[in-house]
Structure formats: structure tokens, C-alpha cells
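Next up: the same protein chain in two forms, each one alone, written as C-alpha cells (structure 1, then structure 2).
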Structure 1
């Protein structure tokens, strides 16, 4: 009897294991399929795409397609210049990442380490504004920026990165659980001033939290289409970010090199895909952490 039951226990889940695994593999294929087809199509010439539609076999026209894309920028056919786009998106994304992580860390540190009268209200405020969507403030933001002449300027895209309530929330939770306040006391006794303690002791100890938030901040900024297209309202090519350039491909009806279109889209996602596969484990863990702590 016991043996039979045991056997049942072992053999029954096996069918389920296979079914579940198969289902997951199918989902993974679906998740990757659009990206795979993008890469395949970026390597096909336009005639081939028109004649055959969807195909799963890569061809040899990738370099030609990229050349066409680079020519667009030279001839001014469409405002898509990948190298300029990389540069602009990188300037904005790196600056935002640096400011977000540094100042959110500092704010969280201030709220966790020090006791002051307005500490409670300050933190409640940060929690309360965490959910305010950008869309709600954007009319007032845009009107304000155009009034003080800061449209077509990177500053309104970079400076607001200092105030990131959600990142502060995450960092505070992290500090509460893994930053012993005794260390601050010890540093004081050793004669370290408060800022030095923050930079040379707290930041190194908070590295994991800083790293996760830095990756998320970078990706969010790189992918942002809403704010840059609003602030860089004149669409000057030398200022445009990559997502804006992608949009300009879409709104140009005269582009008939479909293969090159795919190549252009592929070039626009290449950096984030690389970042993702380098840090993927880290990122997935970060999302899970956010789920518990948010």
C-alpha cells in the first residue's frame, strides 16, 4: 500500500512537470518571438520581406540595411541618426541615473539615520507623492518650462531625476533592514564628519541597493519617450533621443526600405538588450524585492 502510494506520488507530478515545462517554453518562445523576427527582418532586404512576409531564416543584408539607415541621417530623409541618438540618450540616462541614485540615497540616509522634528511628516510626504503620475503634472510642467525658456534643453529632463520618491522608498527599506546605525556612531567617535560617513561608509555598504536602483533608473530613462518628446519640442535631430528618433521613422510615410526600418528599430533596442542580458539575474531579483517591499 505504502509503496503504491509512493509510486503514485512520484509518477503523477511527472506528467504535470512536463506539461508545465512545455507551457513555460511556449511562453518564452512567444516572449522572444517578436525580437527574433525583428533581428531576422533586419537582415533581409526589402524585396524579400515584401515577397515572403514573415520568415524565420536570417539573411545576409544586415550590413546593407544599416548602411541605408546611416545614409538616412546624412541625406536628411528622416530624423534617425543612431550614433547621435546613442550619444543623446546616454548623456541623459547616465546623468539621471547618477542624480537619482545619489540623492535618493542621501534622502533615505537623512530619514533613517537622523532624528529631527519634521522627519515623520517628510517621510509621509514622500510616500504620499509616490503615486502621482507624470501626466498629471505635465501640462503645468511644460508651460512652466516654456515660460522660463527651458524647452529644447536637457536640464528639465535631468534635474528632476534628483527627486525620485519611489527610489527613496526602496532605499529606506533597504537601509532599515541592513544598515546598522551603530556604524554611524562609531564613525563619529573616530572623528569622521557626517558627509564623509555617508560617502565612504554608507554608500559602499549600500552598494547592492544602489546598483539595482541604478540599473532601473538607467533603463527607465533610456526608454522614456514621453518627457523628451515633450521638452525637446522642436525635434532638432542633434538633440533627439533614440525613442524620439524611432517615432520619426513611424511618422514618415515615404520610407519604403522596410528592411532598413527593422534595422533601425533593432539598433534602438540594442543597448538595453545588452544591459539586460548582462544584469538579468540582478534585475529579476530587484523586481522581486520591489514586489515585497513596495
Structure 2
């Protein structure tokens, strides 16, 4: 009887593991399916998309669709220059990513390591700011940038990346769960100043957190259409980001080549997908450690 009960107890975790694994596989498929369909549609011609609807089988029209998009740009039908768009988006995305992870990491480090009277209220204020949608402040932000003459400029799209409360929140949670404060005290005893301690000890130990937040910040900045379209009001092609160029294609109702539109979208997300898959291991490690409760 005891042997039977033991076998039942052993089988229960196995069944649970199988169920959890199956559920995770389903979530993975649901997450990747839209990207796969996008790639498939980019390889199909318009007639095939209209006649067959959704398809999971890639076709051979990808090169032709890309050529159609480039012909639109060459003939001035749309404002689309892939290399220029990649360059502009890269300038903004890499700059925002660097500022976000550096200053947010430094802020989280200060909140965790230092003890001061307003430590609690300061962190509460950061959480309150995190809950305010960007759309609420966008009108005032644009008016302010217009008054000081910074429209049609990349600075309003880059400098605000210094203040990223959601990244500060994640960094703090990560440090609370996996950053020993004794190391900071030991560094101080050895004569290390605060900046040296942060850059040579804290940052290497927080590498997974910095990596995962850098990826998220890069993806968010690369895909950002709302703020660039609001600040770059002149819509000059040499200033436009890649999402703005893609939008000029998608919003043009006179263009009826659906496959070519999918190809333009695919080209715009290609760098994000590559970066994401290269650093995916940091995402798993960073989220797992950063999600530990205090």
C-alpha cells in the first residue's frame, strides 16, 4: 500500500511538469505566431494573400516585394529610405538605451545602498511617476520643446531616457534579491570611492539586469512611433525614423501591394528580432532574479 502511495506522489509532480511545459509551449507559439505570419506574408504576392487569406507556407515573392517597396521610394511615392531609417533609429535607440540603463542603474543603486531620510518618499515618487502614461504629458512636453526650439531635433527623444522609473523599479528589485551590500562596505574600507565602487563592482555584478533592461529599452525606443512623429514635425526624410517611414507606406491608401507592405514591416523589425534572440538568455536570468519578492 505504501509503495502504491509513493508511486502516486511521484507521478503527480511529473504530470504537473508536463502540464506546465505544454502550457509554456502554447504561450510560446502564440507569441511567435504573429511574427511568423508576418514573415510568411512578406514572401507572398498580393493576389495570393487575397485569395488564400492566412497561410503558414512561405512563398517566393519576398525579393519582388522588397523591390516594389524600393521602387515606391525611388519614384517618390513614399518617404522611405531603409539605410537612412536604420541610421536614425539606431542613433536614437542606442543613445536612449545607454542613458536609460546607466542612470536608472545608478538611481537604483543609490536607493538601495544609501540610507537617507527621504529614501521611502523618493522611491514612492518614482513609483507614482511610473504610473503616469506618456500620453498624459505629451501635449505639455511638445509645447515646452516648441518654445525652446527643439522640435525637429533628436535631443527631446534622447535626453528624457535618463528618467525611466520602470527600469529603476526593476533594478531595485534585482539588487534587493541578489546584490550583497557587504561588498560595498568592503570596498569603502579598502578606500574605493563611490563612483569606482559603482562602475567596477556594482555594474559587473548587475550585468544580467543591465542586459535585460538594455534589450527592453532598445526595443521600446526602436519601435517608438508616437514621440518621434510628434517631435519631428517637419517629416523630413533625412530625419525620419524607420517606424515613421513604414507608417508612410501603411497609411497610403493608394498602394495596393499588400505583400510589399508586409515586407516593409519585416525589414523594420529585423534588427529587434536579431538583438532579442542573441541576448535572450540574459532576459530569462534577469527576469527570474528581478522578480523575487522582498
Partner chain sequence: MANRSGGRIRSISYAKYGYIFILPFFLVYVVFQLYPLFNTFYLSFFGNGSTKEEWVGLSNYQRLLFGGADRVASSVHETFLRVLGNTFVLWVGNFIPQIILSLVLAAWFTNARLKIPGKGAYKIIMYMPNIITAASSAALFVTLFGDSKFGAVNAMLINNGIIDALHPIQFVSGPTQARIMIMIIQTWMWYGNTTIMLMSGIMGINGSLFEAASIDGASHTQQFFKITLPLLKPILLYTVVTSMIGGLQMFDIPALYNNGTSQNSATETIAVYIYDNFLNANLSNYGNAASASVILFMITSILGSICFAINRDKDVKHKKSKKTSKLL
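By rigid core we mean the largest C-alpha set that fits within 1.5 Å across both forms. Residue numbers count along the first chain shown, from 1. A quick note: this is a predicted structure, and the numbers were derived from the prediction, not measured.
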Please identify the form predicted together with its partner chain: structure 1 or structure 2?
1
With one rigid piece of the chain swinging against the other between structures 1 and 2, say which of 58, 192, 178, 78 is at the hinge.
78
Whole degrees only: how far is the smaller rigid part turned between structures 1 and 2?
18
Cα displacement of residue 265 between structures 1 and 2, once the rigid core is superposed (Å):
2.8
Looking at residue 26, what is the CA displacement between structures 1 and 2 after core superposition, in angstrom?
8.8
